[in-house]
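Take a look at this single chain in structure tokens; it is the form predicted alone.
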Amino acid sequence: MKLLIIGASGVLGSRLCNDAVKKKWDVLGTYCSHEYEGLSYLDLRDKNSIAEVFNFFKPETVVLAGGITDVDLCESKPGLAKEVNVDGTFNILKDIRSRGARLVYVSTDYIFDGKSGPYGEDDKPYPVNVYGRTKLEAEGLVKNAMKDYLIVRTAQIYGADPLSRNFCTKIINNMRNNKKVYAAEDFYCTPTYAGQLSASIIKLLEEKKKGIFNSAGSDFINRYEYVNKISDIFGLHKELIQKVKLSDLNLKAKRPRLSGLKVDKLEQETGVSVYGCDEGLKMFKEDIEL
């Protein structure tokens, strides 16, 4: 398989690149803001850079794992969020369709309002922030443009990340530097180990699945519980953890308070095993200690 991974400098994209190479697939990854050796430049807003990569590599399958995932940045710069997450998806779709390639679009639980999570694939979306709205709009573009599409929704990814952009890595780094961390007891999610998510995507591709699949961790827990698990597994000082309410954090963008995803469909149709936080965090710890 000739697999193009857009956003291969991110937590998921980098892991998926490594796992796909181990499968002996022909893989090309791309970066945009953060240059990495071995990756090709691609800006979702730049049609020329997209065409260059597609003309050079001629992918059979494209995983769109790139875009702006910083929720508060999207809220403060909604025009930029739309340019990258929505218009960028449209730009990619044009090249994918013209070449007859297949698309895997990576989406998020933030397309839901967080009033009654975790959510299944058929639950009605209602995003409460700019990030969620751009991802839902991009999902709609994918559905309208492609017959052979796969949308994989996930939640709160953690994994090896040299830029320390994911929540888990930030918590570990702050606590190792003896900094207090603030964790909301009323903010729930299903944290997802990048290795599990990567394995799910590969399995879905191998079995030629179509439509929408959730891939997330099996634990529906609040941020305070999650940070305590991180502290336990990484041997950090729990006195640094400050229990707060979500409203105390004064975040720019509204969060879906009861978020997260159900994974019954993934387990039943593929046999993929999903991990709880304890197992996933232990595997993450092994990853960064190698």
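When you see a residue number, it is the position in the sequence shown, counting from 1. Just so you know, these numbers come straight off a predicted model, no measurement behind them.
Beyond the structure shown, there is the form predicted together with a small molecule, which is absent from this document and is the topic of what follows.
The candidate stretches are 51 to 59, 252 to 260, 235 to 243, 26 to 34, and the one lying within 4.5 Å of the small molecule in the model of the complex by heavy atoms is 26 to 34. Highlighted residues Ala8, Leu44 and Thr69: every one comes within 4.5 Å of the small molecule in the model of the complex, counting any heavy atom. Site annotation in the model of the complex: the residue of Tyr193, Phe213, Tyr131, Tyr119 reaching within 4.5 Å of the small molecule with a heavy atom is Tyr131. Proximity to the small molecule in the model of the complex, defined as a heavy atom within 4.5 Å, singles out one entry of Ile96, Val84, Ile151, Ile172, which is Val84. Under a 4.5 angstroms non-hydrogen atom cutoff, the small molecule in the model of the complex has Arg165 among its neighbouring residues. When contacts are judged by a 4.5 Å heavy atom cut-off, Ser200 does not count as touching the small molecule in the model of the complex. Contact check for Val106: a heavy atom falls within 4.5 Å of the small molecule in the model of the complex. Although the partner is absent from this view, Leu12 contacts the small molecule in the model of the complex, with a non-hydrogen atom inside 4.5 angstroms.
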